[in-house]
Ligand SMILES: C[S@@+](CC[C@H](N)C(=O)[O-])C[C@H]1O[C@@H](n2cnc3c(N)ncnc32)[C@H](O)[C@@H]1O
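Shown below, as C-alpha cells, is a lone chain in the form predicted on its own; questions about how it binds or moves come after it.
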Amino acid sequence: MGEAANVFIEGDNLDVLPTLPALLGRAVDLVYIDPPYNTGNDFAYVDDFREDGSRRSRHQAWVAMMRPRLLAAREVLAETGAICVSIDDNEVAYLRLLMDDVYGEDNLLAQVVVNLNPKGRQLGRGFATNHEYVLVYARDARRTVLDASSSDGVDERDFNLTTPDGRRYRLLPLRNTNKKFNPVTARTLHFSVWGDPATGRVSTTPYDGAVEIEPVFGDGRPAVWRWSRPLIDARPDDLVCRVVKGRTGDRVDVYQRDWLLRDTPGGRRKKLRTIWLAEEVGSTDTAVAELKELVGHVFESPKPTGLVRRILGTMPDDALVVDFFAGSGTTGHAVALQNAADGGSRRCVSINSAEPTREGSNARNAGLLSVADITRARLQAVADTVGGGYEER
C-alpha cells in the first residue's frame, strides 16, 4: 500500500476483506463501520442464506449478512486493535449478541449512545428518537491500545492550585468515595498511613511528628484508599495531608495532587463518557452539510466526521483504519481531517460495493451511478481540499 492517507477498493466487502493482509502488509488497528440498518427496506448486501428451504426473518437475514463480514474483519484486526459499529434501535439488540459471539462478551468496551438528531425524528408514531449507538469491542481487551479518553473534556479551570515552580493541580481525596468499595469488598486497601498536616508529608510508616490516618467516610464509617501501599511509597510527592472538618470534629485526611501536566505529549486526557452529544461530535444535519460542501447532497443520513474523529482519537496517530461499509466516505474524510489537525500518519482503506443509486435521486442526477461512485468522489474531493492523497485499488 502506498503513502496515500486514503485508499478506496470497490467490491463486495466479503470478498475484499480476506485480501487485505497481503495488500496492506500488516494487521488493521481500527475498524469502523456504519452498516446498512434493517429498517424494513431491502438492504444492498443480500446473501442467499436459507434455512430448511425458507428465507429467514428480516432480523435473522440481517444477522446472517453481518456475521461472515464481522468474522472476516476479526481475522484482519490486530490483537491490539478494536472495532466500532454504528447501529440504531432496529438491530442493536441483535448486533450486541452477534458481537458478543464473534468478538467475545469480555471484549465489549462500551455501548455508546450518540445524539445524532437533537430535535428527534418527528415522522411516524411513538417517541421522537434522537439517538443511535456505537458498539465498541476490542480484539483482546487485555491487549488493546484503545485509550477511551480525550483531551476535549478537560477544563483547565478545575486545576486551581499551583506549585512554586508553576505546576497546576487539583486535590482529589485519596479515600475511595464509592461506598461499594469498603473494608469488606477491598480488604487490602484498608490500612493506616501516617501524615503531618503541618508539612503535608504522607508515609506508609510512622515518623516523628506524624499522626495515624485511617480512611473513613464522611459519617465516620471505615473506608478504603484508592492507592495501594506500594503506589503510595512510589509517589510520595503526589500526596498531601490536611486537617478537615468532619461531622464528628476535626480530623486529618489525605489527598492526591492531580496534575494538569500540560507538557505531557498529547496533553491531559479525560475518560470518555458513554453519551456523546451532537454539539460534541456533530449531527446528521452537520454530516449532510459536510458532504454537500464537497460533492453535493447525494447521500441520505451520512455520519458526521466529528463522530469518527472522536473514535480516531482513542487510537494511536499512525493507526491503520478500515471501513468496509464506506458509504459516503465519512471515515476517510475524518482520517484526513484528523491527520491535518494533529500531524498524524493514519491511513484509511474504504471498501464499498457498486450498489446502484436510485433512479431520480440526487446522486443519480449528479452522474453518480453507484454508491461506490459517491465514495470515490468524496475521497478525491477530500484529497484535493484537505490533502493526504488518494488512490484506488
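Residue positions are given as counts along the sequence shown, with the first one as 1. As the structure is a prediction and not an experimental result, all values here were calculated from the model.
There is also a form predicted in complex with the ligand; it is not shown, and the following applies to it.
When contacts are judged by a 4.5 Å heavy atom cut-off, residue 352 counts as touching the ligand in the model of the complex. The ligand is not drawn, but in the model of the complex it has a heavy atom within 4.5 Å of residue 69.
Though the partner is left out of this view, residue 12 does reach within 4.5 Å of the ligand in the model of the complex, counting heavy atoms only. Among residues of the shown chain, residue 382 is not one whose heavy atoms approach the ligand to within 4.5 Å in the model of the complex. Of the stretches 337 to 345, 22 to 30, 361 to 369, 321 to 329, only 321 to 329 has residues with a heavy atom within 4.5 Å of the ligand in the model of the complex. Put simply, of 302, 215, 282, 81 only one has a heavy atom within 4.5 Å of the ligand in the model of the complex, and it is 302.
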